[in-house]
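To begin, one chain is listed below as structure tokens, in the form predicted alone.
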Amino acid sequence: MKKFNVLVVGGGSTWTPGLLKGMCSRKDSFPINRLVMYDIDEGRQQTIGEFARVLFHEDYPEMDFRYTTNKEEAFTEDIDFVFVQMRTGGFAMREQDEKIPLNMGVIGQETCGPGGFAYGMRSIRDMVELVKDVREKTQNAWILNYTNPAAIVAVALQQIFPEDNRILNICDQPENLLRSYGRLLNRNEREFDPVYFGLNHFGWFTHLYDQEGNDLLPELREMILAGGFRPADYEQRDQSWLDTYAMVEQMVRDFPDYLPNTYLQYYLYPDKVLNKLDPDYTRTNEVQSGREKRVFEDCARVAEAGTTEGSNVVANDAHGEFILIVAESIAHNKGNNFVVIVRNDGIISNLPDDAMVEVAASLTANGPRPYAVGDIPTFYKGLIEGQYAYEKLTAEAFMEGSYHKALQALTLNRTIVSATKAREVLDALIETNKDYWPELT
């Protein structure tokens, strides 16, 4: 079996240990010849990198592993897969994405609303640079992108690199939901045949078939309405994520047609969610005092002890495993089904062709082969059209340096609505992001 050369961009992420452990557990199905971790933050990467050295010495000694902050060393001609999980601006800017809007009376969240807008404007720049860096060396490498906000990034990359068919934007939240459904139903999520439509962080499961063709969604709906909904790994989740999953019951009760992506709470109930958010202690602060602290302390202990024995560094295995099984399906032409982000081109027949939609697709060596959805009902179509207009205008605001389009984008967003408020938030975000955004005129 061919062994693959893999580059991980964003090697200092707290999610990286889970990805590395996934590589060890899947080395028979996705064997790696060389793994390079690349990050611009030397300190973070060294902590994760030294953990990786110990892990691979124990579980994957035959693999060639290195980590670096040198771009020339990281980007080479023989890369097969690039796994991307960048966070432009780090937690410092994420905190501003959340706290600036909240202190102005609107939702402050990492990928939704004005926080997602700010993060998206930063991410586009670095993702475009990354694609160019990879393509300077090779046209053949698959770029599998986790970088958020995936919806905005996908729109921008499609517009800037329309002929590049080896960029695939993915998100692990549908996978997390499928795992949670599996837990409720006491079934293996990989045996599900899901039907899903929407945009990233803005979609719905319409059917969930088992291997015999039975639709399990009605049963799931009744279970959620009767007993609520928790993530599959709820024992390891921070309180904010438990609160997020708890909102699924309310969404299903109000809109029982389909099962929603958890992020829809920010758009359907912005007033209710806003009242629960603390502008002085946001999700960033929770991550820094929770997952961030646990991961880096545990990685440092492993590196010092020289063994992974007793380590509990992985908090969410879905993230690391999902990108690997996606890569496996492409690498071995398996044609397995996943929920991924693709250009619409008639998949959802009553939405624009250029929308970057999130749907079920078979993944082959030639990329995704999405399954047709057809027409969607008016309520969902209206929600998606407004959200996609916001995403498209955000990408155009970046590419054109347009203040006008940035203001239009934020005014359209359901977490803001008011043009007056949109202008206030935009002006504050411009000042904070002046080192990252293009000048908006």
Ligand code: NAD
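None of these values were measured; they are calculated from a predicted model. The numbering used is simple: start at 1 and walk along the sequence shown.
Keep in mind that the form predicted in complex with the named molecule is missing from the display, and what follows is about it.
Participant: Residues in which of 215-223, 184-192, 366-374, 147-155 have heavy atoms within 4.5 Å of the named molecule in the predicted bound form?
Facilitator: That would be stretch 147-155.
Participant: Could you work out which of 291, 230, 135, 99 is the residue within 4.5 angstroms of the named molecule in the predicted bound form, going by heavy atoms?
Facilitator: Flagged contact: 291.
Participant: To verify the annotation, which of these, 298, 80, 321, 172, has a non-hydrogen atom within 4.5 Å of the named molecule in the predicted bound form?
Facilitator: Looking at 298, 80, 321, 172 one by one, just 172 meets the 4.5 Å heavy-atom criterion.
Participant: Closest heavy atom of residue 23 to the named molecule in the predicted bound form, within 4.5 Å or not?
Facilitator: Heavy-atom contact with the named molecule at 4.5 Å: absent for residue 23.
Participant: So, residue 58 and the named molecule: in the predicted bound form, are they within 4.5 Å at any heavy atom pair?
Facilitator: Answer no; every heavy atom of residue 58 is more than 4.5 Å from the named molecule in the predicted bound form.
Participant: Is it the case that residue 9, even though its partner is missing from this view, gets within 4.5 Å of the named molecule in the predicted bound form, heavy atoms only?
Facilitator: Flag for residue 9 set to yes.
Participant: Mark residue 88 yes when one of its heavy atoms lies within 4.5 Å of a heavy atom of the named molecule in the predicted bound form, and no otherwise.
Facilitator: Residue 88: yes, in contact with the named molecule in the predicted bound form.
Participant: Since the partner is left out here, which residues of 11-25 would have a heavy atom within 4.5 Å of the named molecule in the predicted bound form?
Facilitator: Result: 12, 13, 14, 15.
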